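Take a look at this single chain in structure tokens; it is the form predicted on its own.
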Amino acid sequence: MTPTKTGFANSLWNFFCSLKLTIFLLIGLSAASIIGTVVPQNAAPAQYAKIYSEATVQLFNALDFFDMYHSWWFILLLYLLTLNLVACSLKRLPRDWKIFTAPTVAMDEEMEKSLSLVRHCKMPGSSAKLRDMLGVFLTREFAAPVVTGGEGRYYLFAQKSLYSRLGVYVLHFSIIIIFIGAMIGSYFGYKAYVNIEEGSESSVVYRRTASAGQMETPEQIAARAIDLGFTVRCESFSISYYDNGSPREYKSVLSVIENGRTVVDRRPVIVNSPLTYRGITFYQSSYSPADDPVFHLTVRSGKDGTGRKITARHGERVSLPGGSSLQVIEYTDDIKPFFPQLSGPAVRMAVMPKSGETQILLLLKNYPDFDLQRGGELAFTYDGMDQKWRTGLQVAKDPGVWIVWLGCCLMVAGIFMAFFLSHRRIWVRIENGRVSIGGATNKNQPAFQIFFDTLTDKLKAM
């Protein structure tokens, strides 16, 4: 029974220490990240229904592709990679620990055969004199040596960047720290959304759902509600446009109210410039009209120029003097993309006389006399529009973000230690006027060989 258990334990240990397992897990995590980038995460069910067929939606739901970073198989990959990193670190720890605590300081003939870089030279003087001279030489050219031996035979040992061997452990530990931070953010944080109309406020946000199969009931929506503990108010919302009419920037002005007191007053929030309060971050995500726009028009008599102000909602039929009526049927914030010679807001409306055919008119805010040129009984001027907007905010709370940042800093330090520093060691043996010098490094052998050859040339020239 014992050999069987030992064999199984060794097989399991070798499995978790395997480089093949590391490569497999990294490829799996990379593939999962690609899927998480291509497939929208935690979107509304209607959005998935527009993109994918019903069968694809059901398949992706079964595979947890719509909430992949919380899926059991993605978390399992992270756990396996963590175990793999810990096992690899423990496997190489005894060897490195011995190098730290009990380095080989004497290069005997047996050790000399194991070194790839060894040089010999004859130097005049006693062994004690050569010991002192080479001690000064190594201190000046490399590092202060440890001197051992006696009775005509001395050993010198010097090393640099011993702690670079810790780089791989720091790197492994940093990845584990990042995983821990990500898990904390996953379990104790959330990603949510809220839509707030201009002039109104909300103290509740709604967690995004991974369910894409069917529309949710009010009870299910209520179950996803998260109480912020404070109130967010949308003071105003504005949009600016490019010359071609596409949105250039949309901005919400938010205030935060807590315990009846305004703690954040009128903070502008745009894309890539979020608002953070008490660890909760509000990102500008989307916008939509809160209601039909209200258009302000002036109607003037074509004869005497007398006029009056009227307002009309989009699609609403409004009575005019003389029994006719009008209806705004289309509007734009900038007519330039349609008529390059013109610019500014415009509306297209239908004027329906008491008798006769309906007229379609174009009114331009920047050209108040535009309709006068038509010469009708009534002349119209477009004075402007009131549009109330609803801002869409993405809300995120991630208590593990600082742990992730700590892991990232450790990763940078680990990469520098592991890839840009090397543990270099020099051994010297002195006996009967014969000096033997050997060297070794744990990485970047070509560069160390150049340094070693230069060092021995200086020694021989002494």
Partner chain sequence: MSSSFLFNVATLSYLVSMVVFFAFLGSRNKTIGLAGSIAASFGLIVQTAAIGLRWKESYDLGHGHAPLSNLYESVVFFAWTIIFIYVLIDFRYKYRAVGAFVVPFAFLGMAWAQLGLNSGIEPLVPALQSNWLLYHVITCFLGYAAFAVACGVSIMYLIKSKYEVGNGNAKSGGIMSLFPSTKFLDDLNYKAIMLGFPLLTLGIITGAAWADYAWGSYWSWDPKETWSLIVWFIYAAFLHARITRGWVGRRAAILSIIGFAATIFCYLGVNLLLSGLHSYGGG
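The model shown is predicted, which means the values in this text are computed figures rather than measured ones. Residue numbers count along the first chain shown, from 1. Under this definition, the rigid core comprises the largest set of C-alpha atoms superposing within 1.5 Å between the forms.
Below: the form predicted in complex with its partner chain, not depicted.
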Exercise. Residue 331 near its partner chain in the model of the complex, any heavy atom under 4.5 Å?
Worked result: no
Exercise. Would residue 249 sit within 4.5 Å of its partner chain in the model of the complex, counting heavy atoms only?
Worked result: yes
Problem set entry | Partner contact for residue 337 in the model of the complex: its partner chain, 4.5 angstroms, heavy atom | no
Exercise. Heavy atom to heavy atom, is residue 46 within 4.5 Å of its partner chain in the model of the complex?
Worked result: no
Exercise. Of 348, 191, 296, 313, which one comes within 4.5 Å of its partner chain in the model of the complex, counting heavy atoms only?
Worked result: 191
For this session: Choose from 318 to 326, 140 to 148, 266 to 274, 221 to 229 the stretch whose residues reach within 4.5 Å of its partner chain in the model of the complex, heavy atoms counted.
Result: 266 to 274
Exercise. Taking heavy atoms and a 4.5 Å limit, what residues of 171 to 185 are near its partner chain in the model of the complex?
Worked result: 172, 175, 181, 182
Exercise. Hey, does residue 86 budge by 2 Å or more at the Cα between the shown form and the other one once the core is superposed?
Worked result: no
Exercise. Rigid core fitted, then: does residue 447 show a CA shift of 2 angstroms or greater between the shown form and the other one?
Worked result: no
